[in-house]
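One chain is shown next in structure tokens, namely the form predicted on its own.
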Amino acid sequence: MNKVNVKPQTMLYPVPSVMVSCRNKKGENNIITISWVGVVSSDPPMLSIAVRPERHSFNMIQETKEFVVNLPDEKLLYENDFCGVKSGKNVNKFQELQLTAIKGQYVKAPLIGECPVNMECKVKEVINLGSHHLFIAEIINLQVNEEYVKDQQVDLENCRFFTYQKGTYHGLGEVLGKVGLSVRR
């Protein structure tokens, strides 16, 4: 195989596309779409989101040190995209998109009722990395639509999530295997 060197860039695709809701100390809500998101610890459960300082949500999250990561399904593709291309400085996204702001149990930031999974998060650390600041946060509460919970276990097999890949959104395809497939006989 022949390889060609290209300018270094982020090429870790596909990635999730999530809707992060936040609230400032004045009580104003916003939603920002983020694809630079990832798991950083399972015990305690923690994740990270990367946000540009010029984004409207940046100061809200910086000020309150909390947010909610909401996982949208395919039914929310339009809303997810809208929240990524429109600024909360100019539009109330909850109102414009007729999304339901649900009171969080442990954070003041609202959950998005239409999203099947909502993770209430408290920021533990902020790292300035250049174009983005990385907010490392502990997941302090998890809410999941009841149809995806069976015997106290979360089963998202039938939840139609989507991914982001270099300017395009993609649905998830067929299951290719289960963990441990390489050692099973």
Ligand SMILES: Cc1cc2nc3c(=O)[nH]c(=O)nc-3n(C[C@H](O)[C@H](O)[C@H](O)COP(=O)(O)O)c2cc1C
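For every residue, the number given is its place in the sequence shown, counted from 1. Source: prediction; values computed, not measured.
What comes next is about the form predicted together with the named molecule, which is not displayed.
Can you tell me if Leu134 lies within 4.5 angstroms of the named molecule in the predicted complex, counting non-hydrogen atoms only?
It does not: once the named molecule is placed as it appears in the predicted complex, Leu134 has no heavy atom within 4.5 Å of it.
Might Ile31 be said to contact the named molecule in the predicted complex, defining contact as any heavy atom within 4.5 Å?
Because a heavy atom of Ile31 falls inside 4.5 Å of the named molecule in the predicted complex, the answer is yes.
Taking heavy atoms only, is Val51 within 4.5 angstroms of the named molecule in the predicted complex?
Output for Val51 is yes: heavy atoms within 4.5 Å of the named molecule.
With the partner left out of view, is Tyr169 within 4.5 angstroms of the named molecule in the predicted complex by any non-hydrogen atom?
Close contact exists here: in the predicted complex, Tyr169 approaches the named molecule to within 4.5 Å, heavy atoms only.
I have Asn92, Gly104 and Lys108 flagged as a candidate spot, so tell me whether each of them has a non-hydrogen atom within 4.5 Å of the named molecule in the predicted complex.
No, the candidate spot makes no contact with the named molecule.
Mind telling me which stretch in 66 to 74, 137 to 145, 121 to 129, 32 to 40 gets its heavy atoms within 4.5 Å of the named molecule in the predicted complex?
Partner-contacting stretch among the options: 32 to 40.
Who in 1 to 25 is close to the named molecule in the predicted complex, meaning a heavy atom within 4.5 Å?
Read in sequence order, the lone residue that approaches the named molecule (within 4.5 Å, in the predicted complex) is Ser17.
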